[in-house]
Every structure is written in C-alpha cells, then in structure tokens.
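One chain follows as structure tokens, the form predicted on its own.
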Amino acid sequence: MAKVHDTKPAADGFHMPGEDAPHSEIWMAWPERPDNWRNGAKPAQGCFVEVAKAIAGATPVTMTVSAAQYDNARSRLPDNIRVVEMSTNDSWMRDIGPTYVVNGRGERRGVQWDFNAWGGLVDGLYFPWDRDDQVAGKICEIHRDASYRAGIILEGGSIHTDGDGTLFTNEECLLHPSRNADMSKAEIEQALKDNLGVEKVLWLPEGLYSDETNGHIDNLIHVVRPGEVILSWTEDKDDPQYAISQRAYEFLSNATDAKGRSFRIHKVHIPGPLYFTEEEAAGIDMSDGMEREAGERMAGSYANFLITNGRIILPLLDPKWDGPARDVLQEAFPDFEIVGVQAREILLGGGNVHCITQHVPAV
C-alpha cells in the first residue's frame, strides 16, 4: 500500500505546481450515468474519446471505467490509451482525482480531498458519492505515490494555482454552507496553504453564472503563467454573467500575486448563452439532484480548457465564439499547440474539458 502521511505537504516541502509544468499522465473517467448524460451516455462517450485522443498526442492518458462498460470503452478507445477498471459514481476526474504536489527533489505526492458530490445532502448533485470519494486514493496506489488526506471537502475544479505561491479560488464555492460549514474563511485558507504549499490565496467573489458546482474557479478563469490569467467575459450588459465578469476583472485588476506582481488579464468571450434543447433534455433520465430541462441555461466557458505538455485542449462550443477564443488563447500561449474538440456533450453533463481531466506531474 502506498504510504499515507499524517503530516502536511507544505511542512514536508511540497507545493502544487502550475498546470503548465510537465505532465506524466492525464486521468479521465468514462461517462455512463443515464440521469446526467443523454441517450445512455453514448454521445458523451464519443466526446470523451475525442478529448482523450487529443490529449494522447502530447501526454499518456488513462481512462477509468466500470466493469459493465469496460469492453465498450476498450473497443472505442485507441490502443495508446490505457483503460483501467475502477468504480466511480460519475466522470468528473478533476474533482474526484488527487491533487498532486511536488518538491524540489523529484518527488510527488497526492492530496486526497473529501468529496461530497458538490454539496452533500445540502445541495449535492447525486447520492451516493462513495465510489468517487475513493478514486484519489486508488490513483495514488496505481502510481505507487504516497499521499495525504487533507480532511476538508474540496473539488479540484475549485482551485487554480500559478505554481509560484498563488492560489485562486472563490467565495461562492469554498465558503458555501454545503462544503465546510464548520470552518471559517481563515481556517479554510490555512488548510489550502498547508495542503498545497501556497503563500497567498486570492478569493474571487463568485463563479460563472448558472454553474451547478457553486461556481468552480475553472469555469471563470485559467492561469496562463504567474501574473497572467484568462477571464471569462461578456460585453452584453443584459447577461447576468456581465456583472460577475466585471467584479472578477475589478478584483484581479486590484490584486497582486504572492510575489507582488499585478495581473495581465486576457478576456475570452463566453459562448452562447447556451441552453438545453427539447431533444437534449428528453434524452436524460429524471433524477432528484440534477436539473436537466429544456431551456435551462448551461455554464458554457472557454476558460475550461486543459494545458498539458505544450498542448491546449480547447472546448468548441459555439461557432460564433470558437474562433475568437482560440485567437485569445494563441496570443496568451504563443508557443502552445491549440487543439479544439467539439464539447457540447460534456457541457450537457455540467462541465467541460478541464472538469473531466486530472493531470499527474512528471518528476
């Protein structure tokens, strides 16, 4: 069994690297829940295959899949993508996988957060979530990586770091009563510093409009490099997202990072707005937690991309805005190859490319 340390990563000299640091692996989980993915998850599975193939051109990919879906996933995925049987409740690997930390001596360890399906019995999206909660430990076991149990409820999509001492999150999510209601903001911030080896936590006010994760940071912003961020944006003053983006822009414009840098902000216009169609909603099994109704607005975002080994996997969501989003990212990442993947089917499930992937740093 891989060792689980009872100390804290920061005290042991570990920190969370930026997403642009080298990766040895990307983990994903095969979608199959019929109450979240339409038409028995077949359209979503096709989309996940395309994302995995796009990543595999730069980084090895492992897809976890249930026993029932193993043969299907193995036959649909190319041979260069590893398929591993692992039980999950759904397929949001960013939120259920381990958050990795590294030190200066070529070592890495995983951080296991507690997972409660984005809100537990307060406003969680499904029950049970026990299999998802085991995934981080299982991945550390497979890699033979030691780990830590952080002891707080947190999802990987609710944090971003620049790898240089600064962590980004937002109050809407981490201070929500459905996460760690018994902890103060100061206590949560200290837990982030202890577990991720960061020096400064920047608390943006809220996340993207209509985001059912209580506003994950990875739908609102993405870190380009220290002192530089991508921000979801709209010029439509009648869109509820307008005020949210304005507040985020004002916050970041007046903030400095852990090293005292001011921020350069790249605005990337949101797609749409995008809404469930009658056909899409009709293909989803009814359930208690997740609302999937015709006309419901989805939290579409181009900031929800993945950076891996010199390549960016960009969700394509709206012909009007796909091109401008690619242009903004190419300017921000001039040395990166940008690969677009049609991603509406992921968005129908409640997230996007960043949400369904979790990276393992190379050491």
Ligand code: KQY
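Sequential numbering from 1, following the sequence displayed. A quick note: this is a predicted structure, and the numbers were derived from the prediction, not measured.
One more form of this protein should be noted, the form predicted in complex with this ligand, which is absent from this view; the next part is about it.
Engineer: Place this ligand on the shown form using its pose in the predicted bound form and a superposition of the nearby C-alphas, then give a one-word verdict, open or blocked, with blocked set at 3+ atoms within 2.4 Å of backbone or C-beta.
Structural biologist: After the site C-alphas are aligned, the pocket of the shown chain is open to the transferred ligand.
Engineer: Of 285, 107, 212, 171, which residue is found within 4.5 angstroms of this ligand in the predicted bound form when only non-hydrogen atoms are counted?
Structural biologist: Looking at 285, 107, 212, 171 one by one, just 212 meets the 4.5 Å heavy-atom criterion.
Engineer: With this ligand left out of view, choose which of 45, 309, 62, 36 has a non-hydrogen atom within 4.5 angstroms of it in the predicted bound form.
Structural biologist: Result of the distance check: 36.
Engineer: Choose one stretch from 140-148, 212-220, 195-203, 239-247: the one whose residues place a heavy atom within 4.5 angstroms of this ligand in the predicted bound form.
Structural biologist: That would be 212-220.
Engineer: Examine residue 95 and determine whether its closest non-hydrogen atom to this ligand in the predicted bound form is within 4.5 angstroms.
Structural biologist: Judged by the heavy-atom cut-off of 4.5 Å, residue 95 is in contact with this ligand in the predicted bound form.
Engineer: Could you tell me if residue 153 has a non-hydrogen atom within 4.5 Å of this ligand in the predicted bound form?
Structural biologist: Result no; residue 153 lies far from this ligand in the predicted bound form.
Engineer: Taking heavy atoms only, is residue 9 within 4.5 angstroms of this ligand in the predicted bound form?
Structural biologist: Residue-level check for residue 9: no, no contact with this ligand.
Engineer: Can you tell me if residue 292 lies within 4.5 angstroms of this ligand in the predicted bound form, counting non-hydrogen atoms only?
Structural biologist: It does: once this ligand is placed as it appears in the predicted bound form, residue 292 has a heavy atom within 4.5 Å of it.
Engineer: Can you tell me which residues in 345-363 come within 4.5 angstroms of this ligand in the predicted bound form, by heavy atoms?
Structural biologist: Contacts from 345-363: 349, 350, 351, 355.
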